[in-house]
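The chain that follows stands alone, in the form predicted alone, written as structure tokens.
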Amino acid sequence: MSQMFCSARSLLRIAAAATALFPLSVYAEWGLNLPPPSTSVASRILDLHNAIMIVCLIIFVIVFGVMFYSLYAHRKSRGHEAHQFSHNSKLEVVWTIIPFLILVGLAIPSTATLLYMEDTTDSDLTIKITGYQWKWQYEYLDHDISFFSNLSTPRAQIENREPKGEHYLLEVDKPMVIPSNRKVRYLITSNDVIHAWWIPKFGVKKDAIPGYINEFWANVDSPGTYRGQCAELCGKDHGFMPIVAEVLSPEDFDAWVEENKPKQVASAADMTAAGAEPAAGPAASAEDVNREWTMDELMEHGKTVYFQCIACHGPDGNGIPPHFPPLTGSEITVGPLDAHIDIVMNGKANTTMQAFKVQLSDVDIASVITYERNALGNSVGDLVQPSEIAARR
């Protein structure tokens, strides 16, 4: 009886170990192929991939079939003796020509697919993509629309204070919006380090390189939401740089364009009339820029904008010295206000501190500066109005 219980315990231990090594939940996402294609480029890549895999399988079966047959049929136990030879010219010619023909046969469809992927002519829409640490900027060159797309996963989920959402680290505040069944040409570059724009179902992955413009195209078959992320190790928070594409029907996309046409800000118009060229930045309504904001309003909005600064300066403003300086008690956040505004708007050369005047609106900049000077352990009491930022542009 004791032996039976020992055997049962051993079986339970083996089962527990197997479950730990191979949890059943793994099989829910288990797959061997590329994701279902949503563009003609992705379809061609998948077809080419499958064709090459079939060729590899045939070669595998032939080569190992001959090898195992030779080992079995000519084994020593059946009286066969090993032959001694140095070379066989005919065999060498054959096993050189056959791989050459196979490679040529694979090169023809591969080249055709590559040429198809690079053909950006006759596009219906052009979007410029610029990579930043750690966000994407989308500029619709045909419609004068521009905005930044930032990670929107709550910090509480990242810090394990809340359960992970369905699209954890793959959700943004403003997705890229494109039409279905239209050829969209993309121009991609970077403002700082090398990034890579990648949506698996589109069948595209292109590097964003500072000072260089790459291009690619995609024609999405049907409306829906498609997700990807930066596929290049671009820094400390590389994993917090998602891509979301919202694909609409052509009619809905045209309506979206009408709704998102840039609005002229009064202060910018005044600057232009005076002969100054205002720096480009996300549009904000003239009413929001020119009205007087209260401290509570600026602090509440500034806390939301500060989410973009957390990667370097931390949620509590402690930073990661010496590379990412703290904001708590720093000479910038508690020192002269002009210096604080200048570094947020224009950045600092030869550091990771970017110029946010092209990334944030006047309201965003005013509120985040107000927040940094009156939160994160600081209590300077300064209040910056959006109209002040607009005047500085």
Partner chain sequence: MSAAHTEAHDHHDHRPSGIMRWLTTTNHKDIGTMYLIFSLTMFFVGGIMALAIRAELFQPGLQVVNPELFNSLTTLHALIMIFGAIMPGFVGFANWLIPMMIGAPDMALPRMNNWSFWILPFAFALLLGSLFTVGGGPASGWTLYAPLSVQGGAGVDMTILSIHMMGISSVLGAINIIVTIMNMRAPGMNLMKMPLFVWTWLITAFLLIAAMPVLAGAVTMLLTDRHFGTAFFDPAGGGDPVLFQHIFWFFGHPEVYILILPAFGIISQIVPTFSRKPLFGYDSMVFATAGIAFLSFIVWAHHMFTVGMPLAGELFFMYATMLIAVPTGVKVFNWVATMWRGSITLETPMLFALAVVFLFTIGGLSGLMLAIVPADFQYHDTYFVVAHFHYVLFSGSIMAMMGATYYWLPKWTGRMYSEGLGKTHFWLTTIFFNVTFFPQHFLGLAGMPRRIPDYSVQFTEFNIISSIGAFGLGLAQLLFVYIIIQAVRGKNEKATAQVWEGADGLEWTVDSPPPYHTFETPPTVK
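Take the two forms, superpose them, and find the largest set of C-alpha atoms that agree within 1.5 Å; that set is the rigid core. Note that this is a predicted model, so its numbers are computed, not measured. Positions refer to the first chain, counted from 1.
Beyond what is shown, the protein has a form predicted together with the partner chain; the following relates to that form.
I127: touches the partner chain in the predicted bound form, heavy atom cutoff 4.5 angstroms: Although the partner chain is absent here, I127 would stay clear of it in the predicted bound form, with no heavy atoms inside 4.5 Å.
4.5 angstroms heavy atom contact with the partner chain in the predicted bound form for Y226: No, no contact at 4.5 Å.
Touches the partner chain in the predicted bound form: M295 (any heavy atom, 4.5 Å): Because no heavy atom of M295 falls inside 4.5 Å of the partner chain in the predicted bound form, the answer is no.
Proximity of P35 to the partner chain in the predicted bound form, heavy atoms at 4.5 Å: Result yes; P35 sits at the interface with the partner chain in the predicted bound form.
Location of the partner chain contact in the predicted bound form, chosen stretch of 301 to 309, 139 to 147, 86 to 94, 179 to 187 [non-hydrogen atom, 4.5 Å]: Looking at the partner contacts, the answer comes out as 86 to 94.
Partner-contacting position among C234, A245, V289, V220 - heavy atom within 4.5 Å of the partner chain in the predicted bound form: Checked against the cut-off, the match is C234.
Neighbours of the partner chain in the predicted bound form among 128 to 166 [non-hydrogen atom within 4.5 angstroms]: Stretch hits, in order: Q133, I158, N160, K164, G165, E166.
S70: Cα shift of 2 Å or greater between the shown form and the other one (core-aligned): Comparing forms between the shown form and the other one, the S70 CA shifts at least 2 Å.
Flag for G79, CA shift 2 Å or larger between the shown form and the other one after aligning core: Shift at G79: 2 Å or more after core fit.
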